[in-house]
Each structure stands twice: as structure tokens, then as C-alpha cells.
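The chain below stands alone and is given in C-alpha cells; this is the form predicted on its own.
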């Protein structure tokens, strides 16, 4: 399935400034290892049938916070841009599956930097031609990892897996999201400080 604006060959992404060696060091710093990769991959068949329901929870959270919904609000009409929200939702759903797939190659690293650009003023709104806020403030980027990971647990619990397996999958998601948000932060960090 092709999702407009999502990791397709026609996007011509720049090579990631984060080398595979640096990515490996970041994983090590987060205590993210082979067991976490396996746990993420175990989560995919559990989460895949629930992607829309997960997105409903996440969009419900964002929609209930005017300061977050502002990132999807048209600056001219001061109303949420439904088309923009729908396009981002489709990409967000694929991001869930990609996260659970846990395939870390150079293309994936480049895509993470592109996601960061799309949150930052250098790339926000450009993919969709939206007229929304010019920037997702950095002060929201990291904190949003918490509701994203926290609200996944009930979906993982529906698997019928034991508590230890659910804990392992949930912990792997926590580490993965932390690492990804760190990569997304690249455009926000002063050159040379990342």
C-alpha cells in the first residue's frame, strides 16, 4: 500500500547524518538490544488489526488539547484542517507498523531525520501543502512519547500473552519511541551538538 508522502522511492531523501555506528551506540545507550527487536516484532501481529483504534486514542488525546491540535489547525480559518489530519493519520498508522517491524537500515535512518524535518520549521506543512503552524514546538516533541507509549499497553494486553511478554513488548516500544524521537530531534539541535 502506498501512502502519499511516506517512504516511497520517489521521495529522494538525503542520507542520514546519523551513521549506523552512531545508531548502534544510541541503541546501546538506551539498553535496546536483540530482545527488544524480537519483542517489537512480536507486537506487530497484535497491533496491526488495531491500528485504527490506536490512532483514534492518539487523535482523541491530541484533539482534546487545543495547544496540540493547533499543529493541525489552518492559520487562515483557525479550524482543524481535516485533510491534513487524515494524511498525517495514514502516515502515523504506517509508522506504528514500521516501528513494530524494527528494520533498521540506512533508509530507515534517513526516514527518521525526514520525520524530524516535517515537525520542524524547515519541513513542516511542505509535504501536504498545509497552512498550519510553522513548527511543532520541541517542548511537545519529547513529552508526546509518553501518551503514545502509555496508551499502547491495553492493546498489547488484548493479545492474551502473559504479563512478562506484555511488559517486554511495552518496554521495547518505550525504548524504540525514545530513540526515534531522539532522531526526530536532529533538526532542532544546533549543528555539531547532536
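The structure displayed is predicted, hence computed values, not measured ones. Positions refer to the first chain, counted from 1.
Just so you know, the form predicted together with a further copy of the same chain exists too; it's not on screen, but the next bit is about it.
For the chain shown alone, residue 15 is not a contact residue for a further copy of the same chain in the predicted bound form, no non-hydrogen atom being within 4.5 angstroms. Taking non-hydrogen atoms only, residue 25 approaches a further copy of the same chain to within 4.5 angstroms in the predicted bound form. Using a 4.5 Å cutoff between non-hydrogen atoms, residue 120 counts as a contact of a further copy of the same chain in the predicted bound form. Using a 4.5 angstroms limit between non-hydrogen atoms, residue 143 touches a further copy of the same chain in the predicted bound form. Across the proposed site, 147, 150 and 178 without exception bring a heavy atom within 4.5 Å of a further copy of the same chain in the predicted bound form. This chain is drawn without a further copy of the same chain; in the predicted bound form, the residue among 38, 69, 30, 55 with a heavy atom within 4.5 Å of it is 30.
Note on the interface: of 125 to 133, 154 to 162, 41 to 49, 58 to 66, the segment with non-hydrogen atoms within 4.5 angstroms of a further copy of the same chain in the predicted bound form is 58 to 66.
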